[in-house]
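Shown next are two forms of a single protein chain, provided one at a time as structure tokens under the names structure 1 and structure 2.
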Structure 1
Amino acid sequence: MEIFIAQIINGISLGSIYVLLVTGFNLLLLVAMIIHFSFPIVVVLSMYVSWIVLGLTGNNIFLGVIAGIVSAILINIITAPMFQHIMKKRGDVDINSTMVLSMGIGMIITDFLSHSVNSGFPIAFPDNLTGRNLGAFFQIGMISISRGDMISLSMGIVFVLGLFWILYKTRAGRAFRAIAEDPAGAKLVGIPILKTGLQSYAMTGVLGGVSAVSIAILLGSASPGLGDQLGHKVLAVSIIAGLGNLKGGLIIGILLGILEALVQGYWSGTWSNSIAFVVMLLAILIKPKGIFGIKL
């Protein structure tokens, strides 16, 4: 029972990462109308930026965290004009073109990290960021919660709740939801489509930066291929929940994290990496539009 509870806790921490990534992915899909498949790769690039700043500043945690968040926002905003060029006419958007563009950006970033940063070797984050040098935050028998797990989980909860508050309690959030529900109607009532889309890039950049810091704390390392692994998980969660379904992505993200943690705890090998895709195949066969339905 202790192993089971410990893996549930680990799964919730892992699931909170998936939730942050899927929420950012779905927000861009709903408001900017793009399939940003390389969004998790941008997150990994922000992890590398944070690692570089930590090295240059003598492991200054504050500057490292700020660098990770700011870099994710800047990368999203810098790439926004390329996507907006494709979707100038909001009603005639070719989602497939945005997906191809996103994949191209992801390949460039991955190749850059593989050849130009740390000679392509994985990077490791210092213990004062991950909290491993401070011992467990809470421990009873085999049930142990590290300080890194607590920080990562807390960040995920705070920022996801903050995003939902913005979406459902603010004027900007109403504009986001109006565009997601009826782009043509939103344009008729004076909502600036491209400007609001740019705001969604910035907001997604914040989520990406927080995700980068959370993953660095939780895993303690990163590699050039990590972005592709996370990208596959994000796509799987989105399809299982229903493309664009924010609430569904939250639930499925947490459940997938718990399922993977349980598999890691009770089965040897790397079966956990296959779990997301087995569930995705079953979901597609049973409910092609996702468990909670497509919100497009």
Structure 2
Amino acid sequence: MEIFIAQIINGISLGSIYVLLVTGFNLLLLVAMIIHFSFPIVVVLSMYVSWIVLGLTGNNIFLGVIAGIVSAILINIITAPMFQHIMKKRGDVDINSTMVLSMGIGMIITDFLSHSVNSGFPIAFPDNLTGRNLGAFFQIGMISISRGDMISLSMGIVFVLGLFWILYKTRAGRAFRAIAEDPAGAKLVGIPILKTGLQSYAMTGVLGGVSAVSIAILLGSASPGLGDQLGHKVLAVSIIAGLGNLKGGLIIGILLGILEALVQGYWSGTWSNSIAFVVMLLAILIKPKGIFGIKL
């Protein structure tokens, strides 16, 4: 029972990262009309930037965190004009073309990370960021939650709540959801499509930065292949929940995190990815349109 509780807590903190990434992916898909499955790869690049800055500043946490978030926003701004060009010509350009652009961005980043940073070896984040050296944040019997887990868990909860608050309680969020449900109809009722698309793009930049920091704290390391791995999961969660289904993504994201944590707790960490995908494969076979239905 104690392992179970510990792993549920771990699962929620891992799951909240998936939720941030999946929601970012869904927003880009629905509002900006960008199929950006390399979004998690961009997030991993921000983790690397944060790591480099930590190295240069003698592990100054504040600067490291700022670097992670700012770099995600910067990468976002730099890549925006390319996507914006496609968004402007939405009527004429197939949105599948954004997929090619995303793929290209992903490949360049992964290639760069595997050749030019740390000779392609995995990077480890310093203890003062992850809190590993301080031992458990609290320990009751066999339940032991590290300080890092606690921070990433609280960050995850705060930002997921904040994100859904923006989506469901603000003017911009209302416009996001309207465009997500019916882009042509949203245009008819006077919502500026391009501007709102750019807003959603900017928001995913911030989300990406927060996720980067959160992943760094939770996993404590990163490798060039991490982005691909996360990318696959984000795409899978998004499709299993029902492509574009924001609330579905929230639930499935958390469930995937818990599933992985339980496999790690009771069986073997090395198998958690494969098992996660077997379960997701079964889910998609049973519910081909996603558990909560496609919202496109």
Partner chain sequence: MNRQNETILKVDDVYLSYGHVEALKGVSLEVKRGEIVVLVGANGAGKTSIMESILGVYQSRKGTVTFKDKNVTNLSADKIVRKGIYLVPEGRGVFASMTVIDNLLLGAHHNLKNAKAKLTYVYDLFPILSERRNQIAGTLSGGERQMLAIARALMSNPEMIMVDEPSIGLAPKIVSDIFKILKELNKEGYSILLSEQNVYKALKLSHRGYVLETGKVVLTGTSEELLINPEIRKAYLGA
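Just so it is clear, the structure is predicted and the values come from calculations on it, not from any experiment. Rigid core here is just the name for the largest C-alpha set that superposes within 1.5 Å across the two forms. Numbers given to residues start at 1 and step along the sequence of structure 1.
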item: Structure number, where the criterion is the form predicted alone; value: 1
item: Rigid core superposed, the C-alpha shift at Ile284 between structure 1 and structure 2 in Å; value: 2.8
